[in-house]
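One chain follows as structure tokens, the form predicted on its own.
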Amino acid sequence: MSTSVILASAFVLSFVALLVFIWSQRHGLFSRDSTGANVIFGAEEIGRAEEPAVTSTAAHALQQQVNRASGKIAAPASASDLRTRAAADESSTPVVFFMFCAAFAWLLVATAAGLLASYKLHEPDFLTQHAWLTFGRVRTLHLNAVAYGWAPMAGLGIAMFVLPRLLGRPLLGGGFAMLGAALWNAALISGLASIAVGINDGLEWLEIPWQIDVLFVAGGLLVAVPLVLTLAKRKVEHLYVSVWYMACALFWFPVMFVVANIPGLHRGVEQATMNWWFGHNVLGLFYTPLALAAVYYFLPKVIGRPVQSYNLSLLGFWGLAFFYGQVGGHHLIGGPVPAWLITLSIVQSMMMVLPVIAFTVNQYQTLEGYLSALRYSPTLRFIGLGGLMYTASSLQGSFEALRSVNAVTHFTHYTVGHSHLGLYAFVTLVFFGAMYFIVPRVTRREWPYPRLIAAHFWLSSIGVAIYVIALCVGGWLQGEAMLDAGKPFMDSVSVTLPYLKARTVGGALMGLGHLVFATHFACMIFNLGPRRIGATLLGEAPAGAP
């Protein structure tokens, strides 16, 4: 098939899809005003803050800030709404708790492997006597523990908690999700063991042998069952935008994973193209939708204020769906792939600016006048910063796709810095914030040590800032050195050493934050530390508060 036919077909398909979208707007299949944003609130609940990650005193202070920003006193929460929400939370508790426990375990495993791999970049002779501790295997263990352990377990646990709330009924088929999560973790344990002993498929993001991938597929299908069952029996007419993001993430990822792992299907140049199609889309069409769904639910929920432009949230969703699918091709600039494929990838990367700006404007409008709430809400701090980093990482990625920029950054540490800006500073920080909100609902206890939450926030934020800045600056200098024909290759290596050491410092701070987070979680589940009055429920003021 000729290039012109392929490009013309892509144009026609996009144009027809746009016409269908416009038609659907005209015929009321989507909300045309902001009333759709109100569905996450119960009757008279707008204006009432909900933040279970703080003490009752801090929750009261947060409510006062919300009252001051909104200019009115929030009405008491409806007893019926509280009962419905409590039933929804209780129905998802077992599977959410299991997924979060697994997420914490994989976070610590990934942290240990990542720190060791980072240290080996500037101390390559450290722990070389064992093959499974060499850089090639440890770095791959780190990537897979994050990609298939921490991120999916945290993201899917958040989705299982939010879905019953948004669909207005208890979670159905939670046992299927529990079995699916168990199969998924069994597959990951087997996959990491195979990588450690030197058995892998040799493709980045797809190293785990395909025979083990069958367990991932089975587990993923079982995890999706509660979504289908609960969605079919929902008690709400309008599907909030977070449901769209979560449902599509649970649909997109299995399609990508199965297509990428069919043995013998992809060979040569086509295999490399598929590899980066999957590697990029697993971030943009799986982790990103789960994180954005969390932002669109928890951010307005904490401050008791609906998203200010619901149409912008829909624009962001459809923009991500339309434009993200082919952006991974810019990783193949300079490779033996068709020039039109690279150009299409660059164009779609730049078009991603549109949904990112839509999200950014929406977040700014929703938080406008409510920034003082950041002082009292750890959930809001993590999610607000994570949302800001979505803007930063997406804009950086769009411009990194340009050939003139890619000529410098390709094959350098700059790309690693960019990936951590997206997967850590955006996705992981958002997941942290959502988990601070959810865990008190699951355990029915308050976080015992508020200062540990603050310590976790600053360690993670400062650590990832050092990490990303060091790799971006060092990677740019590395790229310029490689392009200078008058310099030997080793100059491009030696110039990065100070920045690689800074990377390890940043990673160590992030790792310390993870230890603080995991320790705090352990204190909750084992009932250690000061026990106050139980989990803060839906933002009620403490007894005797005005």
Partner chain sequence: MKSESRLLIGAMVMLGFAASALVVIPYVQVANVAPTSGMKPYTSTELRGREQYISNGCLYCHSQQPRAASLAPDAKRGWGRASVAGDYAFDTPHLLGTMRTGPDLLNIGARQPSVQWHLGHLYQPRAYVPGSIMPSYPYLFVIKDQAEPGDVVVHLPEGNAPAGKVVIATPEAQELVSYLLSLDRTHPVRAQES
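Numbering follows the first chain given and starts at 1. Treat the numbers as computed from the prediction; the structure is a model and nothing was measured.
Form predicted together with its partner chain: not shown, discussed below.
Segments offered: 509-517, 43-51, 479-487, 66-74. Contacting its partner chain in the predicted bound form at heavy atom distances within 4.5 Å is 479-487. Residue 410 belongs to the set of residues with a heavy atom inside 4.5 Å of its partner chain in the predicted bound form. At least one heavy atom of residue 406 is located within 4.5 Å of its partner chain in the predicted bound form. In the predicted bound form, its partner chain lies within 4.5 Å of some heavy atom of residue 139.
None of the heavy atoms of residue 399 is located within 4.5 Å of its partner chain in the predicted bound form.
With the partner omitted from this view, the residue of 110, 274, 103, 421 that lies near its partner chain in the predicted bound form is 274 [heavy atom within 4.5 Å]. For the three residues 146, 288 and 361, a heavy atom within 4.5 Å of its partner chain turns up in the predicted bound form in no case.
Contacts of stretch 129-157 with its partner chain in the predicted bound form, defined by any heavy atom lying within 4.5 Å, are made by 129, 130, 131, 134, 135, 136, 137, 139, 140, listed in sequence order.
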